[in-house]
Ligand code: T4K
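In the form predicted alone, a lone chain appears below as structure tokens.
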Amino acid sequence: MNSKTRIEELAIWGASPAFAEKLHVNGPNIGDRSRFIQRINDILDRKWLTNNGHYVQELESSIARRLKVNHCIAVCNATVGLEIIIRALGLKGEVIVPAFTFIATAHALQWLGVKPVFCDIDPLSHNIDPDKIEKLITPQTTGILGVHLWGRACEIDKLTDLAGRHNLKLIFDAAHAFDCSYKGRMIGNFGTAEVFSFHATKFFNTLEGGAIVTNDSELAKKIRLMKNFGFCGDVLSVGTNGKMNEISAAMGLTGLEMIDEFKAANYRNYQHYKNELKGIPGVSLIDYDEKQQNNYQYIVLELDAAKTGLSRDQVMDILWAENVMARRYFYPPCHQVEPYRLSLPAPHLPILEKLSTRVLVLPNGTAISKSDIQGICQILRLVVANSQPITRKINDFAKR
């Protein structure tokens, strides 16, 4: 039996799935379409499509003001942004990074010939564990690359102290953390630089894109040169093509006009999930510190198979059968994917490896309604309550 048939037969509502249309994790927020089209027409009238145009400059200044940072440099995507900052800071040898992150975090290092040294995570925050870093530092270590997972900030103070004591560069992958804060200060103001993702799956997007933010003026000048082939009248240094185009910037400006509405929708959804998931055995929703600014983009569950009676993957299959396109993040973790599993010594990361089999991310965003959330949580409640017959059904599939 192929996997599609197997998933379809797992539907607990019968022949038809619970939801007529698929509910996706983080479907794109579009903003005011008419405003976006106005900007597109203006771009076409100006005939300035890329190369630091009007809208890119406006987006950069708007983001810098919102985050209260000195410099924002828009780039074509966050991966290239990471690569530029890694090269701009002269990182080499080894850089310590969490293995529980999107693979681009590790790839940005490896692509430039820098060895990612994978570190375990804190079981509560899911972020890199500062207490596990020190033993990984060697004479070849040049930096620490933290990741603000789910938009929840790393333990920045501890990481800053650690980097300072060992004379290491500290940078952050802030792909999840746009418009979030740490101790009342906006993410983007920490480390030497931070990199945001504005990919279409992010609650704030520029279709495809990202930004590097820093308070270091000399570094910002260097980054601007590097993202434009090292070209400033003449070619002054080695560079790459990391520029954002005008249409992407127009999308970003349109999204910025509604970003508070996007965040409010995410927060309402988070509260609905929080209420609806209460009392389901083995299902825990990660929480957000409401004293800080959060974008509430990710609805993250930890599933305890000993209490739910089903593995995370079995629960995910059932949700997919009901058109709820829940996702595993980040599975397998970076150190277990082929390029690193085959080329690097296997690290001992017990907390991460346990967590990576438990995490499930549910749909969120402006396209999700309260009734959708009630339906999703009802499926989870039924699945856990009927885990034994469902397990027998799954085992029957396996025997065919």
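Note that residue numbering follows the sequence shown and begins at 1. These numbers come from a predicted model, not from an experiment.
Unshown form predicted together with the ligand; subsequent notes refer to it.
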{"property": "Listed residue that, although the ligand is not shown, lies within 4.5 Å of it in the predicted bound form (heavy atoms), from H126, R312, K227, H199", "result": "H199"}
{"property": "Proximity to the ligand in the predicted bound form, single hit among I280, M316, A104, L253 (heavy atom within 4.5 Å)", "result": "A104"}
{"property": "Interface stretch in the predicted bound form with the ligand - options 179-187, 253-261, 214-222, 77-85, non-hydrogen atom within 4.5 Å", "result": "77-85"}
{"property": "G209: touches the ligand in the predicted bound form, heavy atom cutoff 4.5 angstroms", "result": "yes"}
{"property": "Non-hydrogen atom contact A249 with the ligand in the predicted bound form at 4.5 angstroms", "result": "no"}
{"property": "V147: touches the ligand in the predicted bound form, heavy atom cutoff 4.5 angstroms", "result": "yes"}
{"property": "Partner contact for F330 in the predicted bound form: the ligand, 4.5 angstroms, heavy atom", "result": "yes"}
{"property": "Residues within stretch 20-44 having a non-hydrogen atom within 4.5 Å of the ligand in the predicted bound form", "result": "H24, V25, N26, G27, P28"}
